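Taking the form predicted alone, here's one chain by itself in structure tokens.
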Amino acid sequence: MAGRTPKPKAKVSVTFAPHGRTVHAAAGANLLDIALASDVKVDAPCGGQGRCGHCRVKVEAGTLRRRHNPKLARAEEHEGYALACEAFVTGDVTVSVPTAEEIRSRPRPGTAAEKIALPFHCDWQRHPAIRKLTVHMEPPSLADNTNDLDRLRRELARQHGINDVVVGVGVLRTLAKALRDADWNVALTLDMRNWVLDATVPPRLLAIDRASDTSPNFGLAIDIGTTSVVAYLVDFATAEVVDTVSAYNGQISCGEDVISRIVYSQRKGGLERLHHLVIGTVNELLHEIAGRNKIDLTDINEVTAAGNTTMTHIFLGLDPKYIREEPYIPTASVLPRASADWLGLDINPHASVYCMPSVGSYVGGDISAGVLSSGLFLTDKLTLFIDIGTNGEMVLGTKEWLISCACSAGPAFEGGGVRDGMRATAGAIEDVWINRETYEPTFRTIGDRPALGICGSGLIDLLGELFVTGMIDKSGHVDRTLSSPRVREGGHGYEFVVAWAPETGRGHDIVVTETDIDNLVRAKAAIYAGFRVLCTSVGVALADVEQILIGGAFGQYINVEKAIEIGLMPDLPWERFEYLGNTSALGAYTALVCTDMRHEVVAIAKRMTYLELSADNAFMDEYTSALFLPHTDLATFPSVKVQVETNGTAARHSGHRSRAAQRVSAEGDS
């Protein structure tokens, strides 16, 4: 019927809380479009393509028509949450929009913040490792001329039921003066760990103070990483973590990975330099944390340390030479107690330093600590535990059996070996999205600072985005035909410009080059190959794994969706993945405060089978197959295969369509 006037669309009212702003819009309009047109700030860094999950709002009244998006859990949908870019108004509606503070404090989609939560009961109050006991003594006389040490032991037995105590020469030198200065009323700091487990083993005396001047009682849990060192200051009175500090491992100046450190250790004076560098790093952290919390370093009375086998050897001054030479044998796996003064740590010189036990040459105490703190050693579920860093270390098993291996991933996922890579500190690009039609990126930096570089999580995001938008092929080569100024030939081949110089804090463009991409692909291939070989060795498929526990400080920031798209993680349902934070430090903390767990972690290490990949041809075959995005065999990545077959490297979800296409669809549906 020519000339007929189209029926006008119905208008609906949309109220945004807490802004209190009400606007009118056509029924069927997209909620994000309405918000932006009304100057209501909605966090949508991916440009409304449905790929970031940040534009969530909550329906307080009325209804919306929405599409399901895996970025939003079904439980959240039932609670009324929706992604604004995936929602269309069908009637009057009120939605609440999170404030800027709520947006900043909300964990990234698919990640979890680190927390101290043990998977088992720990009776630290009943069986403390380090105790402070007060002892009152009668001074010696001509009638009672018992020597000072025996007098102390006598009263300790009478007043506290402790029949003996070990006193080293260092403490013995201070004993006579300390007793008299305190007028024979003293507070003793005792290492009770072994005595608690076996009353025939006497405790050790660590310090003597005036009874009236009882000092605090702290412990230190350390994660000695190849790249970073993290320390937890723990109050033995409450078992709480008082503060946390971290810094680059000073050994980085001598090499980025364990192999280069071992090579450096064979130079004249090399081992001594490496040892002093890591001790220096720990001491710097000690002084920082002591200054911040106004404590005396001599009140730190015990240390537990977790690190890979090479880092632990160097920390103790042991020669790591034979770790890298066939048949790859460390000096020891269960390491003896060391004293703080012998190591050169600036704490109570008589404090004990315990290192978590290693399993093999490349599966160290950090993994034993991770299996402990994750509770893997207690579960019935078939579990894959992984710790991704400079080395990719992994454990497969249940409470009945455990098998482990390690592969050299290199420093790429920690920002090393990448032109503009950096550690995850302020100014690092940590989230990246690329518009499929304009090829323009949107990114977020840590601390919302001007961009200084790209950290590991940002590199995984970027690689995934470049692949799903078709900007790179499965071999990691940049599409030279793209008409975008961001794709160009640089000094080291083709590259993609993530941030132009004016929007950075460095004064020059931040880019990712084909060489960078190649390094990232090699790193992810090594890790995925490790998964496959580990499963094959015990006759299970990756699909049979019931849960994947991701440890490591870096691991908690991995975006599972992007990790699957590039072939870093197996293509399994997202709910099977769980982030645990820095499990190495958590394991060291666990062994510090839980007396019986010190022995449990040794038992874990001893019953863990170690698979040496250096001598396994199957690993090289799997590694070669994984040197593509996501993999040579697309059947192992069915969700990514669907994308490739239906739309080249199309977006995973319908929400990846352009904003214009969404609006057309909305109008047609209405």
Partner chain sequence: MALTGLQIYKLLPQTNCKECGFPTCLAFAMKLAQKGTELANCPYVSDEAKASLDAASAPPIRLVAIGAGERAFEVGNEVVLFRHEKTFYHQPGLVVRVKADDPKIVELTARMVSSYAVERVGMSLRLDGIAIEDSGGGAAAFAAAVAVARSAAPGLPLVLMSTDPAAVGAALDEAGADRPLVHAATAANWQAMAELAKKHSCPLAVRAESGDLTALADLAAQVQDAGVDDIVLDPGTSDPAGMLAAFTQLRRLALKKNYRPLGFPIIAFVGAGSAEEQAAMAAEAITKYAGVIVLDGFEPALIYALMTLRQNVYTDPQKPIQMEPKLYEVGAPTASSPLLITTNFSLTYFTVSGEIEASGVPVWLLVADADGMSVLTAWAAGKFDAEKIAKTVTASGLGGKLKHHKLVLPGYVAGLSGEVEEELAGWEILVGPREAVEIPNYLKSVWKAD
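This structure is a prediction, so every number in the text was calculated from the model and none was measured. So that the term is clear: the rigid core is the largest set of C-alpha atoms that superpose within 1.5 Å between two forms. Residue numbers count along the first chain shown, from 1.
Just so it is clear, the following notes concern the form predicted in complex with its partner chain, a form of the same protein that is not shown.
Asker: Which is the contacting stretch out of 243 to 251, 512 to 520, 286 to 294, 82 to 90, given heavy atoms within 4.5 Å of its partner chain in the predicted bound form?
Answerer: Within 4.5 Å of the partner lies stretch 512 to 520.
Asker: Looking in the predicted bound form, is its partner chain within 4.5 angstroms of a heavy atom from every one of Val263, Ser537 and Met620?
Answerer: Each of the three qualifies.
Asker: Of the options Glu325, Asp448, Glu440, Asp150, which one has a non-hydrogen atom that comes within 4.5 Å of its partner chain in the predicted bound form?
Answerer: The residue from Glu325, Asp448, Glu440, Asp150 that makes the contact is Glu325.
Asker: Of these, Ala182, Ile259, Leu542, Met422, which has a heavy atom no more than 4.5 Å from its partner chain in the predicted bound form?
Answerer: Checking each option against its partner chain in the predicted bound form, the one that comes within 4.5 Å is Ile259.
Asker: Hey, in the predicted bound form, does Gly417 get a heavy atom within 4.5 angstroms of its partner chain?
Answerer: Flag for Gly417 set to yes.
Asker: With a cut-off of 4.5 Å between heavy atoms, is Met608 one of the residues that contacts its partner chain in the predicted bound form?
Answerer: Yes, Met608 is a contact residue.
Asker: Even though its partner chain is not shown here, does His492 get within 4.5 Å of it in the predicted bound form, heavy atoms only?
Answerer: The answer is yes: His492 has a heavy atom within 4.5 Å of its partner chain.
Asker: Flag Trp342 as yes or no: does it have a non-hydrogen atom within 4.5 angstroms of any non-hydrogen atom of its partner chain in the predicted bound form?
Answerer: So Trp342 does not count as contacting its partner chain.
Asker: Superposed on the rigid core, does the Cα of Glu489 end up 2 angstroms or more away between the shown form and the other one?
Answerer: Glu489 C-alpha, core-superposed: shift of 2 Å or more.
Asker: Determine, after fitting the two forms on their core, whether Arg480 shows a C-alpha shift of 2 Å or more between the shown form and the other one.
Answerer: The answer is yes, as the C-alpha of Arg480 shifts between the shown form and the other one by 2 Å or more after core alignment.
Asker: Would Arg180 count as moving between the shown form and the other one, using a Cα shift of 2 angstroms or more after superposing the core as the test?
Answerer: After core superposition, the displacement of the Arg180 C-alpha between the shown form and the other one stays below 2 Å, so no.
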